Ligand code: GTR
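A single chain comes next, written as structure tokens; it is the form predicted alone.
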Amino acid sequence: MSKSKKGFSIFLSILYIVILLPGCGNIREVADLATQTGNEINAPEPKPENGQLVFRLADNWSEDYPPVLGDKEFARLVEERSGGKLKIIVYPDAVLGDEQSVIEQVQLGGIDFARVNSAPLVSVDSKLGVLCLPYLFRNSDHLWNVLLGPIGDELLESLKPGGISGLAYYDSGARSFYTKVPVNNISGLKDLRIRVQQSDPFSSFIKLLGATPVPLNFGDVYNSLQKDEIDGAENNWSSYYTTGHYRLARYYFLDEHTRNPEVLLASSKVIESLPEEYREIITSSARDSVEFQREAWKTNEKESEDMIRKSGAIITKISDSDKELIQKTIAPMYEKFDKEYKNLIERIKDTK
């Protein structure tokens, strides 16, 4: 994509977001929004060399975090298999925007590739919300048997009408609650303000537990914990440690309620503009980067858990009776999804 075309796409991306989001009533707010949607104005533009096609891949995690390592492996494979004709530059640390704004820019073609969590993708297709249902996956093996099979392919395919080509899934572990006050059982979450991903299924889940969901961008969680604007959040071992949240919210309630994966995306506009040969290289490279990313995740997760336990954080594992209680409590959530996705849920549960 030429520099002028990409610049115009970026302008459209920001304009699109400004139109859709309320509360952007003056020039200062519009300028702030442009910054929040990825410092796009200041982000360096890739420069092609020797006839290369150069693309950008957005990620909100830091340079050495497993999803970003997966991104880099994907980029390496693409460049190697194309004989250097295709080059993907990975931009970590949310340089190109938070996940929701990046999704919108990928749809518009302003950003070529991205790695985002599956939760905010419900804004593209509500079917992806199924991956966020608590206690749907029995364990990690069950999750990956679903993702690497026909159901996983079907969910990636469902993004296409929204202008996104789903390429592959990356590991994101299991999410549990962490709080600033002791939580020894699920009733301890009652009336607490819990940060959630910007996704209706997560908010519904928190409400059913008697807590108050507080949708926040992930980068705002640390300050919100510091300022007592929230009482806790929920995430995996690696995120809990890497962000330093374990220093502020010392109580980790290990319930492993969800295992919603990361998703590697491409702009359909970008993919469809390429020759079939290049599309195949991108698709196969994405799939072949998954094993590398999963191994990097396992290593990081184990190291994070060890460091958290050494720090003196209080770890409480959910009891079987509590797990049964939660499953009864969240039954209305499944009933809501059953209306539209009953068959899909049953197929996931039946996957061995």
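Start at 1 with the first residue shown and count on from there. Worth saying up front: this structure is predicted, and the values here are computed from it rather than measured.
Another form exists, predicted in complex with beta-D-galactopyranuronic acid; not displayed. Remarks below refer to it.
Residue contact check for Arg115: one or more of its heavy atoms lie within 4.5 Å of beta-D-galactopyranuronic acid in the predicted bound form.
Put simply, Glu262 is close to beta-D-galactopyranuronic acid in the predicted bound form: some heavy atom of it is within 4.5 Å. Of the heavy atoms in Asn235, some are within 4.5 Å of beta-D-galactopyranuronic acid in the predicted bound form. Contact check for His257: every heavy atom lies farther than 4.5 Å from beta-D-galactopyranuronic acid in the predicted bound form. Note that among 136-144, 105-113, 121-129, 191-199, the stretch whose heavy atoms approach beta-D-galactopyranuronic acid to within 4.5 Å in the predicted bound form is 191-199.
Taken together, Asn60, Ser172 and Phe218 are fully in contact with beta-D-galactopyranuronic acid in the predicted bound form: each brings a heavy atom within 4.5 Å. Taking Ser204, Ser239, Ser176, Ser165 one by one, only a single residue has any non-hydrogen atom within 4.5 Å of beta-D-galactopyranuronic acid in the predicted bound form, and it is Ser239.
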